[in-house]
Structures are given as structure tokens and as C-alpha cells.
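Only one chain is included here, represented as C-alpha cells and corresponding to the form predicted on its own.
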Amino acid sequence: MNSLEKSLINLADDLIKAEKNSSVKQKRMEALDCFAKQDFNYKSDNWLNAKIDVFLKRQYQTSIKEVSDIQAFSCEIDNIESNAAYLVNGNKLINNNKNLGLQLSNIVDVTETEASTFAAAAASEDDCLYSINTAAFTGGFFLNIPDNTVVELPLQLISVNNQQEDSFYNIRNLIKIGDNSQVKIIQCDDSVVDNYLFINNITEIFVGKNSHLDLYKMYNLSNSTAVVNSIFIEQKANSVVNTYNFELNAGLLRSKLVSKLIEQGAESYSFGIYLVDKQQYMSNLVDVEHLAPNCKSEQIFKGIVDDLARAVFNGKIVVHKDAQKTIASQVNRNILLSEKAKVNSKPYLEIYADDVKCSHGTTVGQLNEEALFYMQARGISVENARRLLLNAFIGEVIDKIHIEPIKVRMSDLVKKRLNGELSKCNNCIIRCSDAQLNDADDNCIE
């Protein structure tokens, strides 16, 4: 057992002793027992070429530290109206939004009733990072949207780090969306310092009947940051969920999305882009389970990989016996910009029903030389031609975005990233201008 594992176990012990919610305490204890039997060992295909040991061998600050009251941020997206809440250093929630018709609080403060679905979707025995997150999470967002509620403005849930020490965070989010409700959620991880970070996020989402969720997940962190983000979604009848995963920068990034369509008529659409260069590693794992009839799912993920970077896409669709009339598709497209860049793509279908329409496909290649030649013949330089083709390649996913200011901002960030101008945004992709984060501030709303 290394020093990080010991430190995390000590933190979990302290949190278990202090936990007042009996059901959560039981889940913490079970997860800690599970973690004690596991170790940080990543040899499976899901961690191919990850080199996660480089990050896990560092000495991280794991204990809860007092959060400074003031932290300045600036907005980098124009013409967006939204509500924002902040989780600072993995434990302090700052939320000044009132009268939104929903409940938004720190997950460590949930009641027994509110915690009824906690750890119901993410099993600790599946992965040691799941178990230590359940045992040692220090904070996170608890969002409860009642039945028949339409949240008009997008809701930003922003996790921010401003500690000077190298830090390891276990952040746990729980989102409940009632029947006949609608919400757009924007999740963003950011740091205002350049020290080493390991961010271990788990988000569990339960979507009620006839409800609609758009979930945007933004990553734009430094090369000294490792992020393991896992999202588990369960959908009831006739619900629609759109997820968007935008991966622009990080030293190591592993994003896992597990969607379960548990009642008929549910629809799940997943879109993602990843731009990887230098010695970065980005991995996307997407699992969709069709458990009921007349459900639909679609996955479109596109990546551009340069230098010595590595990217992995593992997509899996399982259609159970009772899930007749399923419609499912899965597409992964990749462009390699150097001879040493690598992509491992594994689309996978597992079908037990006999009345379905399912497809999957993957491509890994270089830019179209004929298209490059055609554009150069018309006076466009080779560099501009490459950028135009790469932007068009990514554009199919950008066009799926439903919030116009985010679409414009993401298009701009992709262009900057491809131009080599962007190694890490100074601030989060979406942020309120000149906001001061303290309990006395006005609402952080544009």
C-alpha cells in the first residue's frame, strides 16, 4: 500500500466517523472495505496506455482544508444567461441563487430521504476509484428538480481549485430530475493554480418520465492535471438525455458515461470531441444499456490526435432480450496528425433482441490528401487548408450543441486549440465576469 492509499484511507476513516447520515455512512463503510481489498492497478483495456501511475505516485494533499473566502474569476463566453454554483477545493459550496424552483446544496448535507438513491448507480466493486470516491468524497453538488419544473436558464456547476499544494479530490454529485421536467446543466472543472491535481468525479443522475436533460461537460485543464470523471444515468419512460463531452486539454483524462434506458420510449444521445497532443492521454468509455422496448440511442465521438499523444474510445451498446424495437447507432472518427500519435477504438454491440436497428463504425486515418490538394490549387496555404478541414471535421459535433453561446465559444476554443494558441484557458470555459466568490456576493448571473 503506497502513501496515497494510506492517506485516502485515513481521510475516509475520519469522514465515516463524522458522517451523520446513517445510509450514507453505511455506503462509505462498505466502499472503504472494498477499497482495502483493491489497489491502484490498471492493466485492463479500459486503461490502455494510460500511464496513470505517473499521477498516482505523487504526494497529494487529501485532507479538507479551509477555503479562502474570496476568489476572482472572469467570464469568457458572451451573451449567455445562466445561474452558477461553485464547489471550491472539493468541499465548500457557494450558491447564491434563490427562488429557482429547485434544490441545490452540498451533497454532504443531504437528508436520509434525499440520499435514497446515493451510490445506487455506481458500484464500488467495479473500480477502486469508484470505491474510494464513495468512501472519501468531501463534497459535491446535490441537485433535486421537482416534478413539472422547467428550469429556464442553464445551470452551471463549477468545481474550482485554488490550493497551492498538489491535491487529490474525490467529488460526488447526485442529480434527481422529476417527471415532466426540463433542465440544461453545464459542468466545468477548473484550477486557478498550476500545481498537480488528481480529480476523481462521480455523478449519478436519475431522470424521471417525460423529462429532458442537456448535460455539457467541459474539460480544459493543464498538463499536470489528471481527471477521472464517471457519469451514471438512469432514464425512465419517454425521457430524453443529450450529453456533450468537450475535452480540450489535460495531462490525463478518462471520461466514462454509463446510460441505462430502463423504461420504454427513453432516448439517449451522446456527443464528444477530444483534441490531444504532446504526451497527453484521453480516454472515452461509453456504455449504453437498452433494458426496455422502443428506446433510441446515438453516439458520435470525434478526435484529433497529434505528437506522442494517445486516445482511447471504447463504446458499448447492450440490447437486452425485452428491448424490442430498439434503434441504436455508434460512430467514432479519428484523425492522426503525426506518425507516433495513436488511437485505440473499440465499438461494440451486444444484442439479445431480434427486432432492432443497430449499427456501429469507427475510422482512424489522416487528413484527405485530395481535399488538401484541391484547396491549395485554389490559393489556400497548406496550413490554412489543414485547419479548415480539421474544423469541418469537428464541426459535426459542435453543431449538435443546443445553447448558441456555448456553440460559438466551443467553436472559438477549438480553432484556437488547432492553431496552437491554447494550452490551457486561464479561466473556466464558462464563468461569470469579475465575480467574487464569497457568501456576501450578489448572484453570479450574467
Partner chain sequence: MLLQIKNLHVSIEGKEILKGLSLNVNRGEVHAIMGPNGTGKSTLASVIAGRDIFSIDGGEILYKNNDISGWSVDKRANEGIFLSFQYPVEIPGVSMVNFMKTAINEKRSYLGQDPIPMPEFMAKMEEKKQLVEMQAKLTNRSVNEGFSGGEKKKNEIFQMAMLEPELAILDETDSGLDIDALRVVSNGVNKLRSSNNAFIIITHYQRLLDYIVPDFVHVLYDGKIVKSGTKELALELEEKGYENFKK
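Every value quoted in this text rests on a predicted model; they were computed, and no experiment measured them. Numbering follows the first chain given and starts at 1.
Keep in mind that the form predicted in complex with its partner chain is missing from the display, and what follows is about it.
With the partner left out here, its partner chain still marks one of 376 to 384, 24 to 32, 55 to 63, 400 to 408 in the predicted complex; by a 4.5 Å heavy atom cut-off that stretch is 376 to 384.
Put simply, of Glu350, Asp354, Asp322, Glu369 only one has a heavy atom within 4.5 Å of its partner chain in the predicted complex, and it is Glu369. Though the partner is left out of this view, Ala36 does not reach within 4.5 Å of its partner chain in the predicted complex, counting heavy atoms only.
For the stretch 386 to 401, the set of residues having any non-hydrogen atom within 4.5 angstroms of its partner chain in the predicted complex comprises Leu388, Leu389, Ala392, in sequence order.
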